[in-house]
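Okay, so here's just one chain, in structure tokens, the form predicted alone.
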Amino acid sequence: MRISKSKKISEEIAKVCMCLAMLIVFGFVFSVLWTIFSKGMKAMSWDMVSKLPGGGFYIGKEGGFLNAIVGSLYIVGASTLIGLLISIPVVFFLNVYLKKGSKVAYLARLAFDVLFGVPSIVYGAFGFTIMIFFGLRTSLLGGIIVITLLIIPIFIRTMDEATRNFPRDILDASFALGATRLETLKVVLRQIAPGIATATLLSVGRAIGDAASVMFTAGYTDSIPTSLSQPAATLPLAVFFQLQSPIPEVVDRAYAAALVLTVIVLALSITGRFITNRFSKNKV
């Protein structure tokens, strides 16, 4: 069947528009990465990642941002562990204990979809309200709480999709052989392990790059926290605060922190994509 000349022209115009849109997106990504890497590499040194800021994070010219690296690791590590401990039972309850098509499961997934799209600053405001209610100050504990709340919807929805693709026949066969629900969960857990790994990487990438929520709850400090009640610095806040400094050396330190943060997020994204492609059941 011949295609009319007007349809061919329309297809070519659509193709050109799509190519232009793709080039614009790539241009934005390249410009952001170029800015961060070009300015961050000039300021990067061993002192940046191995020393605390000297003379104040806003005006001190000496030192680096070790406090922000350690603070981010503390908050993200604890939040990820707690998030997994909460999310995995919820996912199994939705997919193994509840019947397929359950209204409870539908409402739960709808609620988590809404929470998934809530801006992080709203989580920060909510966490700050909780802290005021319990008389807590900005601290490492506050940052862990709000980041845990932030990543739980990511954990649940990502692992839920992986579990929903799990063949129901295997569950029925397991029950038919006399296995208990707990024993069946072990089978499911082994099969969806790649999905759990992907969810973990996505959640860590979101958690370590968030600034709005921890600004209200974790605070900021030049030192490394030694208890849950002390404030904690993070890499996004190090970038945010130090870029506003009038001291050139402090601004350079902010770009170095942005470089480290960008490399971490890129590494997590690439690893998550690799795991998804490597273990996807739909891979041809």
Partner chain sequence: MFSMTIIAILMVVVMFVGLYLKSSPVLQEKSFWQLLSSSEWKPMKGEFGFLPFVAGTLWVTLISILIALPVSLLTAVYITEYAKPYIKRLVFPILDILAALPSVIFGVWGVLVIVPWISQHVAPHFMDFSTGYTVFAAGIVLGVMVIPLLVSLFIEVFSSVSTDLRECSLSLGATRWQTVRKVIFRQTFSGIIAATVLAVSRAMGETIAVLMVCGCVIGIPTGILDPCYPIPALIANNYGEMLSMPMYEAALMFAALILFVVVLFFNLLSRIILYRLEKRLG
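Quantities reported herein were computed from a predicted structural model and do not represent experimental measurements. Numbering follows the first chain given and starts at 1.
Note that the form predicted in complex with its partner chain isn't included here; everything after this is about it.
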Q) Do heavy atoms from each of 74, 78 and 252 fall within 4.5 Å of its partner chain in the model of the complex? A) no
Q. Any chance residue 86 has a heavy atom within 4.5 Å of its partner chain in the model of the complex?
A. yes
Q) Can any non-hydrogen atom of residue 155 be found within 4.5 angstroms of its partner chain in the model of the complex? A) no
Q.
Would you classify residue 209 as touching its partner chain in the model of the complex, given a 4.5 Å non-hydrogen atom cut-off?
A. yes
Q | 4.5 angstroms heavy atom contact with its partner chain in the model of the complex for residue 41 | A | no
**Q.** Interface stretch in the model of the complex with its partner chain - options 212 to 220, 62 to 70, 42 to 50, 225 to 233, non-hydrogen atom within 4.5 Å
**A.** 212 to 220
Q: Give, in sequence order, every residue of 229 to 265 that has a heavy atom within 4.5 Å of its partner chain in the model of the complex, or say none if there are no such residues.
A: 236, 239, 240, 241, 243, 255, 258, 261, 262, 265
